[in-house]
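To begin, one chain is listed below as structure tokens, in the form predicted on its own.
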């Protein structure tokens, strides 16, 4: 199971990122645990200055804007 954190303050892009990750994971049959991180200190502790940020299994893989479906598929296939 992939441990995923979506870093952001609750904006529309953050919500869209979570929804897209859930859609791609379901389509690929990959189990994911998604945690929403909204605390600014927690977000900055990951070195993310532009949200939404995405952390997969402890590694920051994306920051700023909604990631593409292709990127998400790549993260879930690793």
Partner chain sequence: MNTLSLRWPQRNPKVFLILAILVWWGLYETLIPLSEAVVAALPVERDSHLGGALQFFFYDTPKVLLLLTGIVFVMGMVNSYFTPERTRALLVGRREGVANVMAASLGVVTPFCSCSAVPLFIGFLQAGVPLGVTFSFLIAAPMVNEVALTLLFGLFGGTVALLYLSLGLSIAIVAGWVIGRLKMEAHLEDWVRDMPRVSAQFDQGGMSLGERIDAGFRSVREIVGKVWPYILAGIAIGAGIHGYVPEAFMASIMGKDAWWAVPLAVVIGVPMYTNAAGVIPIVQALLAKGAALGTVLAFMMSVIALSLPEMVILRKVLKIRLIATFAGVVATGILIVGYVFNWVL
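Note that the coordinates shown come from a computational prediction; the quantities given were computed from them, not determined experimentally. Numbering follows the first chain given and starts at 1.
Quick note: we don't show the form predicted together with its partner chain, though the next part is all about it.
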*asked:* By the heavy atom within 4.5 Å rule, which residue out of 66, 18, 24, 61 makes contact with its partner chain in the predicted bound form?
replied: 66
*asked:* in the predicted bound form, is there a heavy atom of its partner chain that lies within 4.5 Å of any heavy atom of residue 49, even though the partner is absent here?
replied: yes
*asked:* Although the partner isn't part of this model, could you tell me whether residue 30 comes within 4.5 Å of its partner chain in the predicted bound form, counting any heavy atom of the residue?
replied: no
*asked:* Can you tell me if residue 34 lies within 4.5 angstroms of its partner chain in the predicted bound form, counting non-hydrogen atoms only?
replied: no
*For the stretch 1 to 21, return the residues whose heavy atoms include at least one within 4.5 Å of its partner chain in the predicted bound form, in the order they occur.*
9, 11, 13
